[in-house]
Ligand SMILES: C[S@@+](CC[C@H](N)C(=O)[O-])C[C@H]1O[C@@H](n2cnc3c(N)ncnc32)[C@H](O)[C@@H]1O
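In the block that follows, a single chain appears as structure tokens, in the form predicted alone.
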């Protein structure tokens, strides 16, 4: 477990954000992001679309007071474990308890009944039903969050493409010669992965001296008193293709709302996705208005936007929009950066900064 250290630089070097296979994660870009903003004068920061919490974690290691927000409940739980949590960890005896079946607990079979043959084997579905039920029995919110993080990561790593956007268990189970290393991960038991990811989470937990807090709400309903607001919204390509995180990770969102999951499923879909909801951030016709409202609301903060130069709104549109609210605006370019599953090799990651 990481020991308390006074030097922020040493702290950042000793701690490691847990590995992630999350689509669109900025985990590999955090050093570059920090380089662009480290000279700015700020103490409090809002990570408005927090996702994996990798950027919030970056700011936490830099001794900033962090507020994390994400509209998805499963992401909120992950941030609860890694950002708001100061020193609570999950013990090995508690992990053992979570992986056992207990006679005094009535275990639902929701996943077994509704997701057979879709994402996981029948035995794995039994274990996931059991694990999430045991997790919800834990009294401590941070221990629940750590266990939930580990379950989500164990589910993701067992999935082809690390996503839940298709009914494609057959890819894992097909008896064919493979030229890639995923099969090793797929064949490793889910309970082994669960233990591994608990260990990763435990090693990442620390107290940076601030009362960091996480939210699960509409960003336009959040408070406005932040020195810096970091904005990494869902990306819409120039062709109008949306990175829809709820569609990609609806299974994890279902785990986060397990008792109510049955009421959120579109049972007509082969892969049991959630019933679709309107969202301005995933509508190419409404995205620029959504940015405008956000920039207006946080115009008294330093604004930092992560986006790509080939998206909707365009780089020029975002630049002109931010200039409505900020006196000094500039763009930093990371250069070519290709996300997993993306076929576009020409896109550039950009950081739009308004002071």
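Positions refer to the first chain, counted from 1. No experiment lies behind these values; they were computed from the predicted model shown.
Below: the form predicted together with this ligand, not depicted.
S.K.: Taking heavy atoms only, is residue 71 within 4.5 angstroms of this ligand in the model of the complex?
M.R.: Because a heavy atom of residue 71 falls inside 4.5 Å of this ligand in the model of the complex, the answer is yes.
S.K.: Although this ligand is absent from this view, report whether residue 66 comes within 4.5 Å of it in the model of the complex, heavy atoms only.
M.R.: Residue-level check for residue 66: no, no contact with this ligand.
S.K.: Using a 4.5 angstroms cut-off on non-hydrogen atoms, would residue 297 count as touching this ligand in the model of the complex?
M.R.: Although this ligand is absent here, residue 297 would stay clear of it in the model of the complex, with no heavy atoms inside 4.5 Å.
S.K.: May I ask you to check whether residue 217 falls inside a 4.5 Å heavy atom distance of this ligand in the model of the complex?
M.R.: Looking in the model of the complex, residue contacts with this ligand include residue 217, since a heavy atom lies within 4.5 Å.
S.K.: With the distance limit set at 4.5 angstroms and only heavy atoms considered, check whether 309, 313 and 347 all reach this ligand in the model of the complex.
M.R.: Contact check failed for every one of 309, 313 and 347.
S.K.: Which one of 281, 258, 161, 274 is close to this ligand in the model of the complex, taking close to mean a heavy atom within 4.5 Å?
M.R.: Checked against the cut-off, the match is 281.
S.K.: Heavy atom within 4.5 Å of this ligand in the model of the complex: which of 75, 130, 153, 85?
M.R.: Going through each option in turn, the one that passes is 75.
S.K.: Only one of 326-334, 57-65, 22-30, 297-305 has heavy atoms within 4.5 Å of this ligand in the model of the complex; I'd like to know which.
M.R.: The contacting stretch here is 22-30.
S.K.: Let me know which residues along 37-70 have a heavy atom within 4.5 Å of this ligand in the model of the complex, or say none if there are none.
M.R.: Stretch hits, in order: 48, 49, 50, 51, 52, 53, 54, 55, 69, 70.
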